[in-house]
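The data below hold one chain only, encoded as structure tokens and taken in the form predicted alone.
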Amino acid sequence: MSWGFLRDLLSGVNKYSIGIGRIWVAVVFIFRLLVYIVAAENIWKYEHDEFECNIKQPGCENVCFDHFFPVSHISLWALQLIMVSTPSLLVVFHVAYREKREKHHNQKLYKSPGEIDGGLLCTYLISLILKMGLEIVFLVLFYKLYNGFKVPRLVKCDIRPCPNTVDCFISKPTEKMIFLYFLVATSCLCIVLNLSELSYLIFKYSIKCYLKRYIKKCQGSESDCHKSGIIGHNRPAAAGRFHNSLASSPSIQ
């Protein structure tokens, strides 16, 4: 399987991410994608052929394997990698839309098309929420499909066409369990990184909006005080002119 498109996607997202987002990209690329390609894919490559039962009843091994492994660990891991990386396309598409809009109007509409603000900030936050949600969904899916995060050495199967309860043996259970724990650990780390980035961005732009409102309020108060000062300064002058006009008018006999 070629993973070039996923590599290009992650490198493209890296340009528009903040510090925590770049750490997430590094974790996905090094500790998940490379581990999958270099090691994990080979461990599960012949899992069906190496699954053995102590009976040679035709169809028994196939039925038992399908029962205990409805979806291969490695296939589900590959699907997870693709799905959790896909929301990042939202950010890439939004930046491309900004760049196209600037070319269409032939003028500078944004400080930088890749700067996280305004609508791009909302898109970025949505992508983070989707990535966290997908990570959690796949962790729950792993747990439900395989009754936990363990790979047993021996499973007992009594599904037809097996004539009775047979013992079936899983190949490399310890090695598979180590990689399964590694998968769970990296997924949890990615969730923590996404949550940290989401909290940081919300906090940062909440403070930014608060400061903007505070500055506008202060400027409005200073403007009102300035106007009040001008009015107060003009009132004594007007009173003085009125008093002088009374003094200069002829007395009424």
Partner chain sequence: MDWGSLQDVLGGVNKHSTSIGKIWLTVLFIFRIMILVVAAERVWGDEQQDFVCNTLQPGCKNVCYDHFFPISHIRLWALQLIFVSTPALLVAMHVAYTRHEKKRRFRNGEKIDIEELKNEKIHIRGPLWWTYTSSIFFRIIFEAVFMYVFYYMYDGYQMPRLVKCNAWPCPNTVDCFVSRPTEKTTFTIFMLAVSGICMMLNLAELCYLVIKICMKESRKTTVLK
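Worth saying up front: this structure is predicted, and the values here are computed from it rather than measured. Numbering follows the first chain given and starts at 1.
The same protein also has a form predicted in complex with the partner chain, omitted here; what follows describes it.
Proximity to the partner chain in the predicted complex holds for all of 26, 175 and 178, with the criterion being a heavy atom within 4.5 Å.
Contact annotation for residue 182: at least one heavy atom lies within 4.5 Å of the partner chain in the predicted complex. Among heavy atoms of residue 102, none comes within 4.5 Å of the partner chain in the predicted complex. The partner chain in the predicted complex comes within 4.5 Å of a heavy atom belonging to residue 43. In the predicted complex, the partner chain sits beyond 4.5 Å of every heavy atom of residue 66.
Checked against the partner chain in the predicted complex, the residues 74, 91, 170, 162 give one hit for a heavy atom within 4.5 Å, which is 170.
Heavy atoms within 4.5 Å of the partner chain in the predicted complex belong, among the stretches 66 to 74, 192 to 200, 52 to 60, 209 to 217, to residues of 52 to 60. Taking the partner chain as positioned in the predicted complex, the residues of 21 to 39 that bring a heavy atom within 4.5 Å of it are, in sequence order, 23, 26, 29, 30, 31, 33, 34, 35, 37, 38, 39.
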